[in-house]
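The chain below stands alone, shown as structure tokens; this is the form predicted alone.
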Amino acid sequence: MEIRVFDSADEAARAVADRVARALAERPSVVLGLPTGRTPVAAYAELRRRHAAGDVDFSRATTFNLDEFAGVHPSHAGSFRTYMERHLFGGVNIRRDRIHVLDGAAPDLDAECERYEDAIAAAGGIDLLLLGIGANGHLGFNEPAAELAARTHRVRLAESTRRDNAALFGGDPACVPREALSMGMGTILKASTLVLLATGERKARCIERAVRGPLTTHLPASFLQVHRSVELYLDRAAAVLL
């Protein structure tokens, strides 16, 4: 596990943008896994800026998002597809047919999860998977539990996770769906390289446990320890307990 610590959240975000830009330059047809939430917004903004400057080319890349809310149409203001259009896709030259996001409004959500797994396999797997981490140690929407699903699946969201996503639904946690679709831990761990960005003191405890603690399904991020290629990009606040 390679751990890089930066003086500020903005510096960490720029470093993650550097990492993605390097992956695109080295392999233009790279398959990227992408997160949502507050943490990657600055990194996505930097990638948009670099694309506008002619420094980053997404034209041959393929993307798969980590998760989506169940029961939410892709056009909904709170959907992660809308989030991605706002923060990344709308500002770079990625082809529409190379964008993959789970459809939370699919008539059969279990079938949608299987379709997504098949699409990842057909793309040859994920080369570089960007991750955020929840304050409870979740990756994607893999919440702490007695057991973790390996493949893309439906999951019931923890109340803390619903609160953390309330801004997408008018600031009201009660409006956040109770279920979501998420890549499973097995799917995540199959990616060739994992890049996790974490900022802020609120993430410090779960980062410390993910790096130094025991493997446990009650902290899904602890499974990063078993992966062959993990890069952590942290600001000083998130790294304060390491």
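The shown structure was predicted, so the numbers you read here are calculated from the model rather than taken from an experiment. Note that residue numbering follows the sequence shown and begins at 1.
Here the subject shifts to the form predicted together with 2-phosphoglycolic acid (PGA), a form of this protein not shown in this document.
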- request: Classify residue 144 as contacting or not contacting 2-phosphoglycolic acid (PGA) in the predicted bound form by the rule of any non-hydrogen atom within 4.5 angstroms, answering yes or no.
  value: no
message: Does any part of residue 104 reach within 4.5 Å of 2-phosphoglycolic acid (PGA) in the predicted bound form? Heavy atoms only, please.
response: no
4.5 Å heavy atom contact, residue 39 to 2-phosphoglycolic acid (PGA) in the predicted bound form: yes
query: Would residue 132 count as a contact of 2-phosphoglycolic acid (PGA) in the predicted bound form, using a 4.5 angstroms cut-off between non-hydrogen atoms?
result: yes
query: Based on heavy atom distances of at most 4.5 Å to 2-phosphoglycolic acid (PGA) in the predicted bound form, which listed stretch, 133-141, 93-101, 149-157, 70-78, is the contact stretch?
result: 133-141
